[in-house]
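One chain is shown next in structure tokens, namely the form predicted alone.
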């Protein structure tokens, strides 16, 4: 099962539309917490919100999580040793006031078990993979290598 979460504070229709569009191409149940939105998916089971215990039960059952770059969801994936696909909110689409979620992705994309998809095609390609690794407390890259990558990303930005 694929569990999708947009968090509880802001709508994220681009993610929900993307997962709804690709759902027929995936041979797997998809459950989504869609938050406040007028869009109603037609190809996935959805809930506007989920109680914490119900949400955690779904996390335990999920093969993979798909989420905005919300730290609570990322830590939940780590706690339950699940791979997570982060689909960041972007300011250019009016999804957030700035691009801090893209910055979060740049920092986390080197962790084992963290996958970043910025488009619907990338999301489909990642979810079709059979080799997604779990995010665990030991998934962090070597600190030295992480610092080098951070500085390289900063200089290239």
Partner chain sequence: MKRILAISSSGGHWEQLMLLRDSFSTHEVVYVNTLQGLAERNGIDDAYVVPDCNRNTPLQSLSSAWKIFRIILKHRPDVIISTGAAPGIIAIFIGRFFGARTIWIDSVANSEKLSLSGKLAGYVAHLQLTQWEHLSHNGGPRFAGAVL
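Since the model is a prediction, treat every value here as computed from it, not as a measurement. Heads up, when I say rigid core I mean the largest set of C-alphas that superpose within 1.5 Å between the two forms. Residue numbers count along the first chain shown, from 1.
There is another form of this protein, the form predicted together with the partner chain, and it is not shown here; the text below is about that form.
Note to self: Given a 4.5 Å cut-off on heavy atoms, tell me which of 125-133, 40-48, 22-30, 96-104 is the interface stretch with the partner chain in the model of the complex.
What the structure shows: Result for this chain: 96-104.
Next item on the list: Using the partner position in the model of the complex, report whether residue 118 sits within 4.5 Å of the partner chain, counting heavy atoms only.
Entry: Because no heavy atom of residue 118 falls inside 4.5 Å of the partner chain in the model of the complex, the answer is no.
Item checked: residue 58 within 4.5 Å of the partner chain in the model of the complex, heavy atoms -> Output for residue 58 is no: heavy atoms all beyond 4.5 Å of the partner chain.
Notebook entry, point to check: At the 4.5 Å heavy atom threshold, is residue 64 in contact with the partner chain in the model of the complex?
Noted result: Residue 64: no, not in contact with the partner chain in the model of the complex.
Note to self: Even though the partner isn't displayed, in the model of the complex is residue 85 close enough to the partner chain, meaning a heavy atom within 4.5 Å?
What the structure shows: No, residue 85 stays farther than 4.5 Å from the partner chain in the model of the complex.
Item checked: Residues in 62-77 close to the partner chain in the model of the complex, defined by a heavy atom within 4.5 Å, in order -> Read in sequence order, the residues that approach the partner chain (within 4.5 Å, in the model of the complex) are 71, 72, 74, 75.
Checklist line | Rigid-core frame, C-alpha of residue 149, shift of 2 angstroms or more between the shown form and the other one | finding: Shift at residue 149: 2 Å or more after core fit.
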